[in-house]
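A single chain, nothing else alongside it, follows as structure tokens in the form predicted on its own.
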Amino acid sequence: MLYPIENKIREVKNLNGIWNFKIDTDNVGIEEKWYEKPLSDAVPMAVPASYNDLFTDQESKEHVGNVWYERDFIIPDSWSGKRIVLRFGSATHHAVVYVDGVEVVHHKGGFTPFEAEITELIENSSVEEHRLTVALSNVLDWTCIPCGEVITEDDEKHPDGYHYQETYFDFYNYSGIHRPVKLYTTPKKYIDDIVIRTTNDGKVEAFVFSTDIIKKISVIDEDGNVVASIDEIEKATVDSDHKKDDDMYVTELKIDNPTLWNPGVAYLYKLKVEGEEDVYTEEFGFREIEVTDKEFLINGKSFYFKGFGRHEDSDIHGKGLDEALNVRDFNMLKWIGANSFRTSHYPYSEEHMKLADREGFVVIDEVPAVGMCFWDGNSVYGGDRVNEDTLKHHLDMLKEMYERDKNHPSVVMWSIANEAATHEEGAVSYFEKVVKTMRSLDDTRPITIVHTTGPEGDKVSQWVDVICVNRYYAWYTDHSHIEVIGQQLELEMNKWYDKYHKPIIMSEYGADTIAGYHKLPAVAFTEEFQCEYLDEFHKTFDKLDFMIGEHVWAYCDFQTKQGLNRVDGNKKGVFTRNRQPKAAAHILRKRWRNK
């Protein structure tokens, strides 16, 4: 899916701002057809943003079910005769979208974009102002990812109708229209999609899907110079995964001595595709990836992952896009000496990914498959939990993540799940299908899965290229006894390597830390303890030649659901939630800037 851009042919109109908003307290709005007329008793709501923390009452913040968004928009006369598309960057988690009371699109999945062509509806309308209405549900169950379930307590100990959303992951289930809403135009014949494949000797393969006739394709460098172009483009047979009206154009261009996209030293070219009517320009980079039994190579050089597991999370905004916050985050990552991050546990905004391309950060892109593990020994795979519906949605999300992020040079690896119960027999056939689907989508990038299961029990890592492991020795086990970390870590990592002979990333490790809490000797939750804790992990990493990276959990403190082990959120950040450093940030800065 192409990102909306403006050029001399295409126009973009931003629909962000203050919308009308209404909580569907009894979840009757769709049945009562609230979309057929303007919302009554609505309140102002910001878009993009999570709605939860904008309220001051608990009932609104923790509402389970539907909410409604609404705003008016105008189509300028200058758009007459053009194709008009309505696009959402994301809406969490289930959206039904109406224009003037007519359903135009519905989407399941809270972290990928979706759109609807509304040309015919607009052309057949006589109204000047159009009404855009969105019914949005935050309900998670076992048919979707992330997984969850709504628990209803029907006994004398609870009020009538008492229910709540249960989740099996450690971040808050923020909900809302989290990313930009845009209207954009194309000609009636248009460029639908572009896939770019490169090699470091300067070869560029371009696959263009279009209803327009493609006349010319060019490569443009950062100085604006056309370094390659072709005006004879072959039409090929389109595969069944694309729109039936699309033609596919395939061509190969070659440039001499390309400047490579390297970690920390990004260089972006542009592929300009020109049709008879439409024009689109897509950024890309030259870089190649190789994985051996002990190394991850980018452009032939061994790469060591230094960075974080992170969340799109901030005060007030929740998971809503904040461009200023993104800039601050990348500046903090550069300050500390990080070179990479994982999009834990869902694809981040397109705006975020574009910054990673530009700033030269390496990204492990993760699908929202989190919550597929119980910590009480109960089975997840089979029965009423993870099932065929879950798998279908999982595969859909893989495809949507790939289609959105396929051309980003920053994305070097796909993560197909976080902390799934890969020790269960039912996980074997499930993840065999997941891996097969991911490889069919993209055979140019390696695949990983992030583990909580140990090496003895894991049944699926034979199919991935890199082993990622989350471990919290001396925190969730042997709490506060950092003297056990080195021995336990070395023992387990050797078992992983001996079993699979694949490189390993420690994708999570960390300890909750209250900013400003100090004590000597160090005790749990102090800044001193966090520093000593991380140091013990690092000593062992440096001894193991098959370890290819360390991603501390977490970049900054973030919000979670309420719980006895969470005091207003997860405090494992080395930065506070408002992006100020704890003592551990300085320890990591010294290590990473010299490693």
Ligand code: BDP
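Numbering starts at 1 and runs along the sequence shown. Note that the coordinates shown come from a computational prediction; the quantities given were computed from them, not determined experimentally.
Here the subject shifts to the form predicted together with beta-D-glucopyranuronic acid, a form of this protein not shown in this document.
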Consider the chain as shown here, without its partner, and state which of R566, K539, K33, K61 has a heavy atom within 4.5 Å of beta-D-glucopyranuronic acid in the predicted bound form.
R566
Of the residues Y51, F529, W68, W553, which one places a heavy atom within 4.5 Å of beta-D-glucopyranuronic acid in the predicted bound form?
W553
Is D465 near beta-D-glucopyranuronic acid? Define near as a heavy atom within 4.5 Å, in the predicted bound form.
no
Closest heavy atom of H345 to beta-D-glucopyranuronic acid in the predicted bound form, within 4.5 Å or not?
yes
Can you tell me whether F73 touches beta-D-glucopyranuronic acid? I mean in the predicted bound form, with a 4.5 angstroms heavy atom cut-off.
no
Does the 4.5 Å heavy atom contact test between K582 and beta-D-glucopyranuronic acid in the predicted bound form come out positive?
no
Kindly confirm or deny that N418, Y476 and E508 each have some heavy atom within 4.5 angstroms of beta-D-glucopyranuronic acid in the predicted bound form.
yes
With beta-D-glucopyranuronic acid left out here, work out from 51-59, 566-574, 540-548, 33-41 which stretch has heavy atoms within 4.5 Å of it in the predicted bound form.
566-574
Sequence order please: the residues of 463-491 with a heavy atom within 4.5 Å of beta-D-glucopyranuronic acid in the predicted bound form.
N470, Y472, Y476
